[in-house]
Structures are given as C-alpha cells and as structure tokens.
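The chain below stands alone, shown as structure tokens; this is the form predicted on its own.
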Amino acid sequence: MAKRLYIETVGCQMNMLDSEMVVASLRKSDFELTSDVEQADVILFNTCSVRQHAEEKIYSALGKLRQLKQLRPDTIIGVLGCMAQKDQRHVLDRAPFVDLVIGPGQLHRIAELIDRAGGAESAQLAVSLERRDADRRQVMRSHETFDPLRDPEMRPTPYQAYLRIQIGCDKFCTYCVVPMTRGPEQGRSPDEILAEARVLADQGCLEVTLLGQTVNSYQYRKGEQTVRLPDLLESLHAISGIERLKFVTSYPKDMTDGLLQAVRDLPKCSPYLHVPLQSGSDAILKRMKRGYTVSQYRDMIERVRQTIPGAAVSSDFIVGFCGETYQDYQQTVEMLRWCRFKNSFIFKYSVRPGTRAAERLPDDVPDGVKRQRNNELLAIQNSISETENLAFIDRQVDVLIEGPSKKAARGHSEISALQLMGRTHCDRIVVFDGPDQLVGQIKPIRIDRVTPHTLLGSLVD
C-alpha cells in the first residue's frame, strides 16, 4: 500500500524546486501526496533561514505535532532545507521528537534516510560540510543536490517550472546565511541544464525560470570554453515548446551588457529583471558588504533602460539594518522613487545567527522604527507600481494563463467562477473573465483598469 506524504514548503523558489524534487524522488519509493497532515505517514517541512519569522513559523508548526507523534509514534517527522543546515542538532533540542534533519545538500538521500528513520532509535542527521571543515572542492561536493527528477504536480501550474542552474553563493553579504546553508557558488553543467529543460518542455511547460542565488553570475568551464548566462539563454531559446525564459535573482555588478543584449535579442527572454538593491545608502551598502555603490546601481538601471526599453525591474530592500540613520533611509526612498521598480519586496532587518552582522554589528534600530520605515516604503512602492501600471490601460498584452484567480479559487461569492489570472511577458499579473479551457495558453488581453499589483482586462478574442 502506498505511504502518504505531507510536505510544507517555506521560503524561496529554490525551496519550492527542492520540494518538487523530493516528492519526485519519494514517488519512486511508493509515496503519494496528502494534504491532511494527520493522515500522513511522513511529514516534511522544507525550511528557510533568511528571516527569523520563517524559522519561528516552522518551530510553531512542529510544536503542534508533538501530540500527534505521541499518538502515532511511527509517523516520521522531518525538517529539511536551510534551517536544518544552519541549526542542525538545535532542531532536535527544540523538537526532540523530530526523526530527520536534512540540509539542502543532502536531499538526494531523502528516501534512504526515511527508511533508516523508520527503524532507528535516534534521529537521522544529514547535513553538508561547513566551509571551515574541509577544502573548497570537498565542501562543494557535499552541497551538490542536482537531480533531474521532476514532478509537475508540485508546481504552482503545470505550465511553469523552475530550473536550477547554480547553487550556493560566494558574496557573503553580512546579513545573509545563504553562503553557509547553500555552500560555495557553483554552476551546473550546461548539458544537464539543457537535458532537464527538454524534459520540462516534454511535460508541457511553456515558461521556465532559471534559478541561482546570483543567477547572472553563472559560469561553467567546458575545456577551454567558459559558458555564461547569455550563452545558456541562447541554447535554451532553441528548445521547441518553451515559450518564455526568466531568471532570478540577479546581482547588480554582474548585469553585463552582453546579458542585457541577449534579453533584448532573444524573443523568448522575458523583459523582466529582479535585481535587489537592499539600500539606497552607500554607508549601509558597505556595512552590508554588497559590493557595489548607489552610483553603480544607477548606472546598471540606465543600461537596462537603454538596452531594453520598457523592461520591468523589481527589487528587494532591507530597512532598519545595523546603524541605519534617518538620512540613510531617506536615501533609500530617493533611490526607490528614481528607479521606479515594477514591485519591491521590502523587509525589516532581523539578526541571523552565524552571519557577520550578528557577530560584529549591533542591531540598534528600534523595531518600531523598522516597522514605520517598512510601511512607508511599501506605500511609496505601491504608488509607483500603480502609476506604472496605468500606462497599460487600453493596451493589449499577451498573457500566459495560469488558472483561476486567487479570489475565484477561494470561492468568493462576488467573484465570477470563470475569473482567470496569468502573467504578461514582463511578469505583471493580469486578471480577466474567460473559460477555463484557456488555462495553459498564451492569449491577448486588453487592459481596462489597474491596481498597484494587478492589471484587470478582458479577453480580446
């Protein structure tokens, strides 16, 4: 009889892809998915360590399972991903009934470790080497998790997929745990990437988003040749069936003219770039060890505008970082107004144990000030987003239709049962009424009105 698997994923696109591969792997061991945690034989949480809130959410969810574990001791509970790699045995200190703690670099062993946990008296701990534990090559090998197994059921839609081209990070921003939890930066073989992309195309995927912590830094040595992201995009562009190519997350200093020209010249490449700024203050960027200045970021935005007119750019910001003054914050506001991002992800700074900021920089901005700056920056971005969206009214855009809108899916009585949603080539969300037979197709939509986050329109044909 099939075993029942419940999996919950917190965090970034990398985690979503890791969960897809975990499920694909466990299906080979006769597992089937369940959405009912109380009926599951194996319960897995794929975790994030970028912010404290994400970790506390997982520990809270684990606490609720304590009684279930007492009633059904054979149920296997596992913590996967970045929090597992960072906290390791601390997970077991806080939740001693957990059976599995598996870092992202060891997920390929998931089926074997579940089997071991079933008959073991102690928890199975499988994490990658710390950077200080061995030489770089050994540490890199311990973080490799690439596995071509894919599972369309785990994707937000069957027509869109993530494709990892790079793991790890060597930037060592002072606030970030990723270099420790994901290991050294390394690019996948182009041959493996292209083979996986063909599998996705055969599964009916129309849009592929390439993933990397600093995805535009991608490179891979093949003999005397170095393959970089523009070369990879050109090869992927030739794959029949794939209609759109995106890539996230980009690093400002690695946004080369060659890459911008590839996005401009390859029709399948979406004119959309996600490039975190984090702060508009040079003093804060230096304290964050971001590796660029405000002037260099401005220059990058100017080159984007010149090379890809009309391109949509989104960003990330951290407010209330160590030592951030009101003047630093105002400089961030000025940059936000100047860049006019499509949207921004804005977060309050939270201390991450193990980072340089946690060790060397005092978290000296009061939480109330962080909250106020966060809310103000969000309001400014929302105003910019709505103004930028107004330019789409009465325009026709091609939309990849993903499925029912969120409100329609939740059964809101005032929402049409046939309200659909999808995305433009530049990654804007579009909502319109239409038959569900259109899901998975790219169709023209005329935009009638807008909100800061959504274009609302009608089917042209």
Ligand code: SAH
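From 1 onward, residues are counted along the sequence shown. As the structure is a prediction and not an experimental result, all values here were calculated from the model.
There is another form of this protein, the form predicted together with the ligand, and it is not shown here; the text below is about that form.
The candidate spot formed by R150, T209 and L236 lies out of contact with the ligand in the predicted bound form, as no residue has a heavy atom within 4.5 Å of it.
With the partner left out here, the ligand still marks one of 298 to 306, 325 to 333, 341 to 349, 260 to 268 in the predicted bound form; by a 4.5 Å heavy atom cut-off that stretch is 341 to 349. Contact between H425 and the ligand in the predicted bound form is not found at the 4.5 Å heavy atom cutoff.
Put simply, R290 is close to the ligand in the predicted bound form: some heavy atom of it is within 4.5 Å. Interface residue remark: V50 is counted as part of the site for the ligand in the predicted bound form, having a heavy atom within 4.5 Å. In the predicted bound form, none of the heavy atoms of F247 sits within 4.5 Å of a heavy atom of the ligand. Checking S385, Q278, Q85, N216 for any heavy atom within 4.5 Å of the ligand in the predicted bound form turns up a single hit: Q278. Contact annotation: of the candidates D367, D316, E192, E359, the single residue with a non-hydrogen atom within 4.5 angstroms of the ligand in the predicted bound form is D316. If you take 174 to 205 and check each residue for a heavy atom within 4.5 Å of the ligand in the predicted bound form, you get Y175, C176, in sequence order.
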